[in-house]
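This document starts with one chain, in the form predicted alone, laid out as structure tokens.
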Amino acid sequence: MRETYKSMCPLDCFDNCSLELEVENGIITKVFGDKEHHYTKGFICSKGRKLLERVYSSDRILYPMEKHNGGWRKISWDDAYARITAELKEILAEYGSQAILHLHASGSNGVLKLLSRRFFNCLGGATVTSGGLCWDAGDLAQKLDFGEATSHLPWDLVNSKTILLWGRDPAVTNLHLIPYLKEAASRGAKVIIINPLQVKSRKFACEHIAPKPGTDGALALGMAHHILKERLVDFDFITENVLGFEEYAHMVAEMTPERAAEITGISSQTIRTLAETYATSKPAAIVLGYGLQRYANGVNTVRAIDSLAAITGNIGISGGGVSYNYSAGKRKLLADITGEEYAVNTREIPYPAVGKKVQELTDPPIKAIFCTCSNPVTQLPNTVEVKMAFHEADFVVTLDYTLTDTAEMSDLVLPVTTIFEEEQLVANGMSPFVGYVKPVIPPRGQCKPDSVVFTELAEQMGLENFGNKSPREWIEKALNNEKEYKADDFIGTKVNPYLKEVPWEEKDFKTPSGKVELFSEEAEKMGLTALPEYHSQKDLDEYPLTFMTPHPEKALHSQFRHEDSDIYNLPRVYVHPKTAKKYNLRNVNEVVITSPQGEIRALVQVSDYTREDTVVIEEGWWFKEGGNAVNILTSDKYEEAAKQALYYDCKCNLRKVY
């Protein structure tokens, strides 16, 4: 008998599609977009379709696995739990809970996956990470500017007359935004892409502007200079709703379009024209990606872009805004179920610098590492240091679907269920949607939901404060925040009820002043500049090229990446034709790419996709498939206030392999 069920994509994505599944005789036969959902509209990307392949993949781990004589052997759950509890009790007795490092990210979203954090909090607290790899600098910027980070709902774009896709490539990362962009264009809106790379979305934009990587803040301030000079500002909005305009105007006076042109590589006339288009063709929307804040000046970059909306009055109006994420709505919807009140002995280290920091810790040292919803060996910056940190740990446990790079370095690998085999509430701060899903098939093999694994471990460890609730009860507890929503309210993927289609219509900014803060005392307290100043980075003569690692179209970070690797097990490096000529390179030449951190090998793809001063490899390549994970090259330096990884502050050079 064939039946159809509703579900939701759990991937860390802007869209979080509503899914429909066909199930026949207990086997999922098809995954497709929910035709009735007003956003998904019946189509999904290749990554969504690969969720089905993951369920039945021959690479999937179906039983607990233990490292044995350099290989792997199956063990029972009882034996796995017995070993974990024995190791943990020994560590707790000798070193205390801070000797345990918990690494958790968003490889697969789900509120119940936070119960892993609850487990370690109930141990008394562990060593955990602060900051992040994805959006933290920009998230902090919008909190400083507006009081919280929130965005216009996607369909409001049809009301825009100008749309700046600033660092966002929806044709690759945000497919369901495209119909609204096309509808806005059909109504006369100008869609302009600002991106160092010739991204796929340029096909439906009217203009593409390619600044030098890391100079977006200078571009924004150069635009602001021209807007102020030509008096294209919204003085009423500024008078009533903006703090620090005079100080800001004084700073911006120094960033002329000519100076911005020298920094960005964009002509001063292009900067003036862009400024006039944005300021005079209202309402104007800015939709931000995350790559532009993965630089040392990342917080101020987003603050500078936010300032454009503030001085032109493009805030709190339909078709306007600076849309970055929906983190504020997620925080309002969900109550904490991680048991933070029990974490009396927590120690934090910056997530981007885990490799070095773990090796430096001595009081106590890290003795055990637990990895959930993440593949840190591949995805964290400075892979060599991360691998060394893992080698030094006495005991490593990973929960995952397959033997990732991180799982390969573990002592125990515990098999977890997919979204189609578990009860879950999916709420992702990148997306406005929330969905409650139930399992449509039984777990394959002996796979268990993360929440069940940690509930059973808590029982084994005698952690009475953990609680013994069902998945549904945990979900209801998480939803019992300001209002008491129920899980059933989110069947079929619904918009988070705490989100507004047009944020800040009431001008109710959550900053200390109650206004948009161009001058922020809070920023100063964090060690940032009060104004969104631009500071250039030093060039390195030995490493003249910028190395960028954008998101691939067919993979999500390291997920699904290995399925697209080829017989060479080498990534493709995109090199501009003029750069290729300078280095005497042709297609499929093998090159060594070097940075201050290390080197990898790649095959050349000559393309005008990138600038002359930049080379590109898509992120996510696995270390174990040829040893060419891109993060061997990236630095573990981070933006201090947000603890944001600086992936794109990476300089490199090329050497042809003869």
Ligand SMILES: Nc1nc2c(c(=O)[nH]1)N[C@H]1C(S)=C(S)[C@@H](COP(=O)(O)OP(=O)(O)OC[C@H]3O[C@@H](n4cnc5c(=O)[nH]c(N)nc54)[C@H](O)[C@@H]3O)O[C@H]1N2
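In this text, residue numbers run from 1 along the sequence as written. Worth saying up front: this structure is predicted, and the values here are computed from it rather than measured.
Just so it is clear, the following notes concern the form predicted together with the named molecule, a form of the same protein that is not shown.
**Student:** Tyr248, Phe433, Trp166, Phe370: which sits within 4.5 Å of the named molecule in the predicted complex by any heavy atom?
**Tutor:** When the named molecule is considered in the predicted complex, the option within 4.5 Å is Trp166.
**Student:** Looking at Arg83, Lys330, His551, Lys387, which has any heavy atom no more than 4.5 Å from the named molecule in the predicted complex?
**Tutor:** Among Arg83, Lys330, His551, Lys387, a heavy atom within 4.5 Å of the named molecule in the predicted complex occurs only for His551.
**Student:** With the named molecule left out here, work out from 588-596, 25-33, 627-635, 62-70 which stretch has heavy atoms within 4.5 Å of it in the predicted complex.
**Tutor:** Looking at the partner contacts, the answer comes out as 627-635.
**Student:** Does the named molecule get within 4.5 angstroms of any non-hydrogen atom of Lys113 in the predicted complex?
**Tutor:** Result yes; Lys113 sits at the interface with the named molecule in the predicted complex.
**Student:** Considering only heavy atoms, tell me if Leu221 and the named molecule come within 4.5 Å of each other in the predicted complex.
**Tutor:** Output for Leu221 is no: heavy atoms all beyond 4.5 Å of the named molecule.
**Student:** With a cut-off of 4.5 Å between heavy atoms, is His557 one of the residues that contacts the named molecule in the predicted complex?
**Tutor:** Looking in the predicted complex, residue contacts with the named molecule include His557, since a heavy atom lies within 4.5 Å.
**Student:** Considering non-hydrogen atoms and a 4.5 Å limit, does the named molecule approach Cys13 in the predicted complex?
**Tutor:** Yes, Cys13 is a contact residue.
**Student:** In the predicted complex, do Val158, Val242 and Pro283 all reach within 4.5 Å of the named molecule through at least one heavy atom apiece?
**Tutor:** So, no: the whole triplet misses the named molecule.
**Student:** Can you name the residues of 440-474 that have a heavy atom within 4.5 Å of the named molecule in the predicted complex?
**Tutor:** Going through 440-474 in order - heavy atoms within 4.5 Å of the named molecule in the predicted complex - there is one hit, Asp450.
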